[in-house]
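A lone chain, given as structure tokens: the form predicted alone.
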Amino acid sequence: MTTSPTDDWLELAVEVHMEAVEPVSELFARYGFNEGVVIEEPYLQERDGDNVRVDTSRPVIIRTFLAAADADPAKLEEIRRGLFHLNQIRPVGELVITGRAEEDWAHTWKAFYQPVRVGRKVVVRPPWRDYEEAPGDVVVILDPGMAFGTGTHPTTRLAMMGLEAAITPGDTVLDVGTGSGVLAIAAAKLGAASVDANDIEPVAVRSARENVGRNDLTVAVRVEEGTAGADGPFPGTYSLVVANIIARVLIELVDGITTAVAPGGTLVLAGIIEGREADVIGAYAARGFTVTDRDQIEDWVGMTLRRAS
């Protein structure tokens, strides 16, 4: 047991065989705070987060929490005894007890979120941080909330660098899979005449709309729920389309994304793991798009493509 006098909670954790998950969860729920149980299944996934699947060769970790003031030795001994009996049926590991201090995680993370240069010009600044602008800086005020896109991930940086290089004053821009809205807001500040953005996740739509409101924009940015193409909220065509989404989804949405690009228009793609680059290029080349620029950070790739006139 690892605890300290300042601990508010005890975390109880045990590794179990897949077939012991249900009985151990029932045991923990009997004693845990509000009957709460966390089941942490081991999983495998590709580098870009795609194709997630449970790894049945590894044990499952089950956790529950007890208020430290209520966790008397007799109660803990009852839990150990129950685990001992369950271990006679299916493998159950040793009970690990760790003291935890209560923290406001909804706000604690903000201490680690600092202004960050995302592209060559664009700097992302959280609302609670000051930033002294340098000449030529384009500052985007952003609170990502639960949406993807703080500017620190290589895919966001690649998309931003592509956007900065491709955009020209007066462009009409569509941001597919906007997340926090960082690319859409940057496009508006980089000289776009109009910006539309969509996402299939309602939480992302809310986050993007709130971030649009945080920035002093002279260009209207519309954010709607949905995807690209004729069935989406913005079925028209644009001189510049940007999409920072994983490779599989870029390929699945190839028809909707490409039809949104006007003849002679530009497409900026990011979120592509290096091993899927050829697949993405092939899917878009088949629709008449040619790669005109490419960047790479670690094993992530971003590219700019042009549609034939």
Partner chain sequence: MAKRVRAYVKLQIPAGKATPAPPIGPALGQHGVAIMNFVKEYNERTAAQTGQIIPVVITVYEDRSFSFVTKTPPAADLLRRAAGIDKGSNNPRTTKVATVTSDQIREIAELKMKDLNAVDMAGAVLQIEGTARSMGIEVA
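Positions refer to the first chain, counted from 1. Note that this is a predicted model, so its numbers are computed, not measured. Just so we're on the same page, rigid core means the largest C-alpha set that superposes within 1.5 Å between forms.
Keep in mind that the form predicted together with its partner chain is missing from the display, and what follows is about it.
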> Counting only non-hydrogen atoms, which stretch in 130 to 138, 117 to 125, 225 to 233, 174 to 182 is within 4.5 Å of its partner chain in the predicted complex?
Replying inline: 174 to 182
>> I'd like to check something about Asp48: if you look in the predicted complex, is any of its heavy atoms closer than or equal to 4.5 Å to a heavy atom of its partner chain?
In response: yes
> Thr218: heavy atom within 4.5 Å of its partner chain in the predicted complex?
Replying inline: no
> Is there a heavy atom of Thr152 lying 4.5 Å or less from a heavy atom of its partner chain in the predicted complex?
Replying inline: yes
> Going by a heavy atom distance of 4.5 Å, is Gly213 a contact of its partner chain in the predicted complex?
Replying inline: no
> What residues, if any, in 17 to 36 have a non-hydrogen atom within 4.5 angstroms of its partner chain in the predicted complex?
Replying inline: Met18, Glu22, Pro23, Ser25, Glu26, Arg30, Tyr31, Phe33, Asn34, Glu35, Gly36
>> So that I can tell if Asp299 moves, could you say whether its C-alpha shifts by at least 2 Å between this form and the one not shown after the core superposition?
In response: no
> Is the C-alpha displacement of Leu86 equal to or greater than 2 Å between this form and the one not shown once the rigid core has been superposed?
Replying inline: yes
> After a core superposition, would you say Glu225 shifts its C-alpha by at least 2 Å between this form and the one not shown?
Replying inline: no
